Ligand SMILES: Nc1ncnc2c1ncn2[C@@H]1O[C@H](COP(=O)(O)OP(=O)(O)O)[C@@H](O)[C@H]1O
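Presented below, as C-alpha cells, is a lone chain in the form predicted alone.
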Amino acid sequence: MLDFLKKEGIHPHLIQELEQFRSAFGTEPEVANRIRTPRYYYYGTKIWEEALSALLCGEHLLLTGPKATGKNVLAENLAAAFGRPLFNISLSINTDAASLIGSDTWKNGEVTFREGPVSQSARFGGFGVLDEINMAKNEALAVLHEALDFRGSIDVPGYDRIDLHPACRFIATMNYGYAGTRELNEALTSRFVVIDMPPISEDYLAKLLRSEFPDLSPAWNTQFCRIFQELQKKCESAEISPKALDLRGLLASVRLIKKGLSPLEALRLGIGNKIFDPYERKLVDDLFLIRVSEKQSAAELFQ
C-alpha cells in the first residue's frame, strides 16, 4: 500500500507519518487475519490526502456520496494503509445496540459477554467500517456517541468500560436516496469528519481497468471508460435511474468478456439486465450498441 501511495503522488509528509503510525502500533495475533490486502485500489490523490490527514489526527470519517464513488473501496484501502485489522459492520433497520457492542452468551457454564464488532474494533485498535450508517435507527447508533467523542470509551451495561485503543478508527459510509435510509442524527454527524466522495473520473477509471485487466487493449480500455462516463451523464440528467451506474457491474462485464462471452452480452448481463424499466433498459442498450458491435468477439479486446 505504501508503494501505491508513493506512486500516486501522496504528500511525503503524510506517508512518513503513516509509517510512524504503523511502527507505533502492533496487532494482536488473534486478529492478524483481519489485515487484508485490498482487492481494488482507490484512485484519487486529493481524497487520499484528506482521509489520511483526518485519520492521522485521530478523527473518524464519514464518507458520503452517490453510488459507484468507491466509498467501501477507500475504507478498505485505508485500513490496509494503516496496517489495522478491519471490522465490517453492515447496518440495517434491524440493527440494535447489542449487535454493535455485544450481548450476553452462555459459555463454560456461565454467562459471559460476547463482543460485537464495535467493541472488538475498540479493544484491538481496528478500523470499524459502519456500512450504510443511515439505514440504522438513531437509537441503535447512540451507543457510538461516547466512543466517537473526546471520551473515547464504551460503557457495557452490567460489565465494564472499554477504552478505545489509540489506533482505533471508525469509518462510516452512506448513500442518499436509497430505500430504507433516513436522516443521520446531528449529534452523531458532528462526531465525524465528512468527505463527499466525487464520481470516479475517466482517468482514474482507466487506471483501475489497467490494474485489474493489464491485457485489455488501450482502445477498449478507453471504450469502457466512455461507456461508464455516458451512463454517469444520463444518470445526472435524470434520463435513467442510478441502477445503471454500476462500477461493479462494469468490472464483472469485462471479466465475462475475458472468459469468452461476447462484449455486448457481457455488458447486458453486468449492467443492462439490472434495469427493470423497459424504456430505461432500451436507452442503456442503445448506448452499448453505439460503442460495441453485435458481431464483436471477446478475443479482439485483449492483447
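One-based numbering along the sequence shown. All of these numbers come straight from a predicted model, not from anything done at the bench.
The following text describes the form predicted in complex with the ligand, which does not appear among the structures shown.
> 22-30, 230-238, 266-274, 243-251: which one contacts the ligand in the predicted complex at 4.5 Å, heavy atom to heavy atom?
Replying inline: This holds for exactly one stretch, 243-251.
>> Within 4.5 Å, heavy atoms only: does Asn185 come near the ligand in the predicted complex?
In response: No, Asn185 sits far enough from the ligand in the predicted complex that none of its heavy atoms falls within 4.5 Å.
>> Taking the ligand as it sits in the predicted complex, is Pro38 near enough to touch it, meaning that at least one heavy atom pair lies within 4.5 angstroms?
In response: Close contact is absent here: in the predicted complex, Pro38 is far from the ligand, nothing within 4.5 Å, heavy atoms only.
>> Please determine whether Asn175 contacts the ligand in the predicted complex, using a 4.5 Å cut-off between heavy atoms.
In response: Because a heavy atom of Asn175 falls inside 4.5 Å of the ligand in the predicted complex, the answer is yes.
> For Lys71, is any heavy atom within 4.5 Å of the ligand in the predicted complex, or not?
Replying inline: Result yes; Lys71 sits at the interface with the ligand in the predicted complex.
> Within 4.5 Å of the ligand in the predicted complex, do Leu61, Pro85 and Phe124 each have at least one heavy atom?
Replying inline: Result no, not one residue of the spot touches the ligand.
> Within 4.5 Å of the ligand in the predicted complex, heavy atoms considered, which of Ala81, Ile200, Ile133, Val129?
Replying inline: Partner contact (heavy atom, 4.5 Å) among the options: Ile200.
> in the predicted complex, which of the listed residues (Leu208, Ile171, Ile162, Ala167) lies with a heavy atom within 4.5 Å of the ligand?
Replying inline: Result of the distance check: Leu208.
> So which residues in 45-62, when you check the ligand in the predicted complex, have a heavy atom no farther than 4.5 Å from it?
Replying inline: Not one residue comes within 4.5 Å of the partner.
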